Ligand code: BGC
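In the form predicted alone, a lone chain appears below as C-alpha cells.
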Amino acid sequence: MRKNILILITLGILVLAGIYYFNRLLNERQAHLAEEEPVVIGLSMGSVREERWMRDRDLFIKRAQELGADVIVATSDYDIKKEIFQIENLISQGVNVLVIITSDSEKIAPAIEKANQAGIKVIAYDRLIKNSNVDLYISYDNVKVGELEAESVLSIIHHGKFAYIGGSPSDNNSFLLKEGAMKALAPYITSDDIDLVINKFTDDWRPENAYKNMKDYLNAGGQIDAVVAANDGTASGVIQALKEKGLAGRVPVSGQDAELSAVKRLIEGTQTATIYKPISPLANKAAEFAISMANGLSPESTTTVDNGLIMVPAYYFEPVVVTKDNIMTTVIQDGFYTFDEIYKTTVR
C-alpha cells in the first residue's frame, strides 16, 4: 500500500514538473515571437499616374499585411534621381526586401547595386530591371501582350496605313511590347499590305505625347487605318486626336491594362480591344514571394529572362484580350469592375 502511494506521489511530481516546464517553454516561445520583428518590404514605385498602379499598390499592401508584413511605399513620379534616392533611403531604414516598379530600367542600376551590397533581395515588379543583379522578375509576358494588341487590330483590318504608338523608351517593357506587336505585323509589312506610317515611342507613357504624335501626323494630311497603342493611356491620346478629325470609331485602336475608361471606350466603339492583366494574382504573388525571400527561401519561377547581365528567374502570368463582347466574362466576372461601374455611364 505504502509502495503504491509513493508511486502515485512520484507520478504526480513528474506531471507537475512536466506542466511547469511546458508552460515555461511556451512562455519563452511567446516572448521570443513577441520580440521578432515583422518582415518589412520596401515598395518603390516609379509612378502611380496610371490607374492600374494604384490597384497594384493597394492589393500588394493588403496581401503583405495579411501575411504579417509591413510595407513602406515610395513614389517618384518618373523622376529617376528621386527614385534612386528613395530606394537608398529604404535600404537605410533596414527593409528586408525591395519590390521595385522602376521608371527607368537602365538608370536604376546604382540603387540595385547598393541593395546587393546590403544583402537585400530585389524583385522587379512588372518592369524588368536591366544590367543588375535582380533576384526575381514577376510580370505578364509582355511580348505576348504586344502580340495580342496587334492581333486584336488585325482581326478588324490587315491592310492599309498603320501606326505603332509605343510606350516610354526608358521602360524595358516598351521594347518587349513592340517586339510582340511587330511579330504579328511583320508578315503584313513585308508583303506591303501594311504601311507603318507612324512608329514612335511615347515619353513617360504620357497620353498627351501620344495625342501630339497622332495629331501632328493627321494635321500634316496623313491618312490612318489602324493604331496599335502600347497601353490604354496612349490609346486615349490617340483616340482624342482621331475624334478631332471625325475618325474615332472608324479606326481600330488597341491598348492594354483594362483601365475603366478604356473598357467604356470598348462599349462606345472608339477602342477595339484592351489587354487585361489581372492585377490581384500579380500583386498577391509578389507579396508572397517578397516575404518568403526575406525569410531566406527561393521563389519559384516559370522561366528566366536575360537582363543584359544575368539570367533573372522570372514568374509570368497569362494576359487576356478584352473586347466589348467578353466584358462580362473577363473584368466583371473577375470582380475587377462591377457592372454598374462599366455600364452606368460612358466616356464622353
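Sequential numbering from 1, following the sequence displayed. Computed from a prediction, not measured in an experiment: that's the story for all the values here.
There is another form of this protein, the form predicted together with beta-D-glucopyranose, and it is not shown here; the text below is about that form.
Contact between Lys130 and beta-D-glucopyranose in the model of the complex is not found at the 4.5 Å heavy atom cutoff. Proximity of Asn173 to beta-D-glucopyranose in the model of the complex: non-hydrogen atoms within 4.5 Å are present.
Using a 4.5 Å cutoff between non-hydrogen atoms, Tyr316 does not count as a contact of beta-D-glucopyranose in the model of the complex. Using a 4.5 angstroms limit between non-hydrogen atoms, Lys215 is distant from beta-D-glucopyranose in the model of the complex.
Though beta-D-glucopyranose is absent from this view, in the model of the complex it lies within 4.5 Å of a heavy atom of just one residue from Tyr78, Phe201, Tyr211, Tyr188, which is Tyr78. Lys277 is the sole member of Lys161, Lys264, Lys277, Lys144 with a non-hydrogen atom within 4.5 Å of beta-D-glucopyranose in the model of the complex.
Residues within 4.5 angstroms of beta-D-glucopyranose in the model of the complex, judged by any non-hydrogen atom, belong to 119-127 and to none of the other stretches in 218-226, 119-127, 84-92, 191-199. With contact defined as any non-hydrogen atom lying within 4.5 angstroms of beta-D-glucopyranose in the model of the complex, the contacting residues in 51-89 are Arg52, Trp53, Tyr78, given in sequence order.
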